[in-house]
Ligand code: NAD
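Next up is one chain by itself, shown in structure tokens, the form predicted alone.
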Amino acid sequence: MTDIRKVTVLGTGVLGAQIAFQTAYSGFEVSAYDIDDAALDKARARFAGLVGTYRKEVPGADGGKAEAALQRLSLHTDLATAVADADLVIEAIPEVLSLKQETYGKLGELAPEKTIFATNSSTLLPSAMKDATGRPDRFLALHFANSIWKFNTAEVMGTADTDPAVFDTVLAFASEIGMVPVPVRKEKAGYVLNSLLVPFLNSAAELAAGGYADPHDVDKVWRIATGAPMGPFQIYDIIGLNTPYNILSHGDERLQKLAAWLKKNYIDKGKLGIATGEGFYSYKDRS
């Protein structure tokens, strides 16, 4: 068992909310931070929805355990308060390097010396952020997959400066919150999961953006031909389109064209995925 007892999650978007709730569900005291009250109102709705989801999909969660997780969750818009006694901070803010660096600069000043920092970045290398933390030996990546209660991998990837004891502690913590820890032994953009997933999703977007096939037909081919439960555009909707857009926007010219297509045809129309009721598919009639 680790010494981690109090966890702070920065960012209460789709995955940030899941990380916070799963951690609280596993018995930890969790502080969830976001930038304003409007964001926290959305977080409360996400947490309430996760109670229902866990009751339906997680064995043993329907006996009051899911509701009890809410009692271990506190919400904050003041960063200093959120991290005041944190043993571990998990950052799940937008995939913008400058924003992450700025946030870690503030964190390094506000969090106790004991605090471990972990980024849930999908594609950015922790070495690009380590200097901003002021404690590169206590900083690494801890990457979760969406629908954390079902797809429960946790990739742990340090930098050359990460203390091996910190690395092992975070691996153990991942197990304590019900994840299957996956140690990534060298820095790799995309880690394991997204090194496989991102090129797959980009290829699907190229097919649709180039007018070769409709997104629904791309998904249909993939599901039928491989037996996979979901196609790439269904996965896009689960992730939420903002994160892929941010990743694509910082790529080469080919990827930036895909970002522009995604923005024009979906994001600018409010079609961000399941979270907004519509993306490549409509979810407005789902109960």
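This structure is a prediction, so every number in the text was calculated from the model and none was measured. Counting begins at 1, following the sequence as shown.
Note that the form predicted together with nicotinamide-adenine-dinucleotide isn't included here; everything after this is about it.
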{"query": "The single option of Asn146, Ser74, Ser175, Thr81 touching nicotinamide-adenine-dinucleotide in the model of the complex, heavy atom within 4.5 Å", "finding": "Asn146"}
{"query": "Proximity to nicotinamide-adenine-dinucleotide in the model of the complex, single hit among Ala66, Ala259, Val218, Ile239 (heavy atom within 4.5 Å)", "finding": "Ile239"}
{"query": "Contact stretch among 226 to 234, 251 to 259, 27 to 35, 47 to 55 - heavy atom within 4.5 Å of nicotinamide-adenine-dinucleotide in the model of the complex", "finding": "27 to 35"}
{"query": "Close approach of Thr12 to nicotinamide-adenine-dinucleotide in the model of the complex, 4.5 Å, heavy atom", "finding": "yes"}
{"query": "4.5 Å heavy atom contact, Ala92 and nicotinamide-adenine-dinucleotide in the model of the complex", "finding": "yes"}
{"query": "Heavy atom of Thr133 within 4.5 Å of nicotinamide-adenine-dinucleotide in the model of the complex", "finding": "no"}
{"query": "Close approach of Ser122 to nicotinamide-adenine-dinucleotide in the model of the complex, 4.5 Å, heavy atom", "finding": "yes"}
{"query": "Full three-residue contact with nicotinamide-adenine-dinucleotide in the model of the complex, heavy atom 4.5 Å, for Gln22, Thr169 and Leu171", "finding": "no"}
